[in-house]
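Listed next as structure tokens is one chain, alone, in the form predicted alone.
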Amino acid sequence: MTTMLKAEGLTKQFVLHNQNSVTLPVFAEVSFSVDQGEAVILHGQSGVGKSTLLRILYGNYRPTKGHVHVRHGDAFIDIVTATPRRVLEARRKSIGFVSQFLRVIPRVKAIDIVKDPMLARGVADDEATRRASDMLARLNLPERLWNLAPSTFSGGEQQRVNIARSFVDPSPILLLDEPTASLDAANRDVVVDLIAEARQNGSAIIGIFHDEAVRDRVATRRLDLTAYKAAA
């Protein structure tokens, strides 16, 4: 099986510069790898650094120490040391992030938000529109909303746009931060199915799910961050 992501010795501590440079250790020496078709679920009580780790893997946070090697095309790049241009390129083509919240872009239609990643990867506009429409329908977003900007949507409706954008053309590596948090049971089931389909098509998935039932349905294995808790 092809390895898609390798984390090596990741350590993170936050320094509160406005509070006498107090240091808050989060975790230390986290190492793991994820292969195609796996869904690794981050586990542990609140405060062990699950969301922080996801943000390090995506390049939003810089680790205090360690490296994150992601497969980008036929080679690996280190998200920690890569140039911003290379990180953005990897995000467009190789690694996607689904957070609990949609970063709403004023006046951009919901369907255009969903189409955007496909257009960036060279999919023709007609095909991107068809696939975006199918995905929004599958996630039970009313068609009357597709050509509206999501700024006035409910939290659950915005979340479905967010999920549609990420799963209409899943990245080889998908990072999921509570993607089902705002959804009802029927739409949670749709997301579980989408995750299973992405895995079957070769995506490597790392996620956080606080819903135990969803976690059990999604996980191929768990990574317990409690074992890596840094000493205070």
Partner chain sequence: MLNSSIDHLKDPEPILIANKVTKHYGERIGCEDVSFSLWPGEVLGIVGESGSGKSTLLRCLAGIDRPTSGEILFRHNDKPISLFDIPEPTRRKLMRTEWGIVHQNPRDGLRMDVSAGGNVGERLMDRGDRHYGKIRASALDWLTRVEISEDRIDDRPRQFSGGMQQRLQIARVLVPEPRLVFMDEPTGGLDVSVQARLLDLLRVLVRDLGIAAVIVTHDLAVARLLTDRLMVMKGGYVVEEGLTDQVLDDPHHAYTQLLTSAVLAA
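Being a predicted model, the structure only gives us computed values, none of them experimental. Numbering follows the first chain given and starts at 1.
Omitted from view is the form predicted together with its partner chain, to which the following refers.
Contact check for Phe97: no non-hydrogen atom falls within 4.5 Å of its partner chain in the predicted complex. Its partner chain in the predicted complex comes within 4.5 Å of a heavy atom belonging to Val15.
For Glu157, no non-hydrogen atom is located within 4.5 Å of its partner chain in the predicted complex, even though that partner is not displayed. Not displayed here, its partner chain is approached by Arg85 to within 4.5 Å at the level of heavy atoms in the predicted complex. Contact annotation: its partner chain lies within 4.5 Å of heavy atoms from the stretch 87-95 in the predicted complex, the single such stretch among 134-142, 149-157, 87-95, 121-129.
Taken together, the three residues Arg188, Arg221 and Asp224 all stay farther than 4.5 Å from its partner chain in the predicted complex, as judged by their closest heavy atom.
Although its partner chain is not shown here, in the predicted complex the stretch 42-76 places heavy atoms of Arg55, Gly59, Asn60, Tyr61, Arg62, His69, His72, Asp74, Ala75, Phe76 within 4.5 Å of it, in sequence order.
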